[in-house]
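Take a look at this single chain in C-alpha cells; it is the form predicted on its own.
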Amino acid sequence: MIPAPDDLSRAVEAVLFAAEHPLSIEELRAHVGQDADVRGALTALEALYAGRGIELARRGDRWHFQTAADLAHLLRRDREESRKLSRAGIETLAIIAYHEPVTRAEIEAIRGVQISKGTIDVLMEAGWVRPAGRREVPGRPLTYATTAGFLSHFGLASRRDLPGIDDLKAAGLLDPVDLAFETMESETVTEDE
C-alpha cells in the first residue's frame, strides 16, 4: 500500500495541477516555501502516480502532470478548427448585440459599408446570431438578434452586461481619434454657450 501524501507533497501536487506550464523546482519553492524539500515531494508524487492514468513527468529541469502515454489515444478527438472572426464580423456582431433586433440595412447604415453575404452566415454558424422575425415595413426585411450561445460564450448573464461607453473608454478599446473628435465637439459646444 502506498502511504498517504504529506502536506508538502499535497501542496506541490496542487501547484503543479493548477500550473499552465511545467514548473522548475525554484518556481515550486516560490509557492510552497524556500526551505521546503521540493525534490523529496516530487519523488513521493512520482511514486504515487506511477502506473495511473496521469503521471508526474520531468521535462529538463521542469515538472508537470500529463496523461499516461499508453492512454493518450483515448483523448484524441476530431477537433473543430477555430477560425478568427474578421473585423467586419466583429463589427457586425457588436452592432447586432447593441441594437437588436436589427436588419441588414440598419447594420450597413451603422457600419457605413455593405456587409458581405457570408458575414451574418458565419455568425449564425457560430451560434451567436439568429433570425428574429421580420420588420413590418415594405419589403419585410429579416431582423437579427443574439442568442443564448452568444451570452454564454462571452460570459454575460444578459445583454445588460455588455460594456457601456465609459467601460470601453476605461479599457482603452475606443479609437483615440474618435475620442479626440468627441473632445473637440464637447469643447466647441462649451465655447458656443
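In this text, residue numbers run from 1 along the sequence as written. Only a predicted model underlies this, so the values are computations on that prediction, with no experimental measurement involved.
Although not depicted, the form predicted in complex with another copy of the chain is the subject of the following passage.
Asker: Using a 4.5 angstroms cut-off on non-hydrogen atoms, would D61 count as touching another copy of the chain in the predicted bound form?
Answerer: Taking the distances in the predicted bound form, the answer for D61 is no, it never comes within 4.5 Å of another copy of the chain.
Asker: A132: heavy atom within 4.5 Å of another copy of the chain in the predicted bound form?
Answerer: No, A132 is distant from the partner.
Asker: I'd like to know whether A105 contacts another copy of the chain in the predicted bound form, with contact meaning heavy atoms within 4.5 angstroms.
Answerer: So A105 does not count as contacting another copy of the chain.
Asker: So in the predicted bound form, does any heavy atom of D35 sit within 4.5 Å of another copy of the chain?
Answerer: No, no contact at 4.5 Å.
Asker: Of these, R52, R160, R140, R39, which has a heavy atom no more than 4.5 Å from another copy of the chain in the predicted bound form?
Answerer: By the 4.5 Å heavy-atom cutoff, the listed residue in contact is R52.
Asker: Select from 7-27 the residues with a non-hydrogen atom within 4.5 Å of another copy of the chain in the predicted bound form and write them out in sequence order.
Answerer: Going through 7-27 in order - heavy atoms within 4.5 Å of another copy of the chain in the predicted bound form - the hits are S9, R10, A11, E13, A14, V15, F17, A18.
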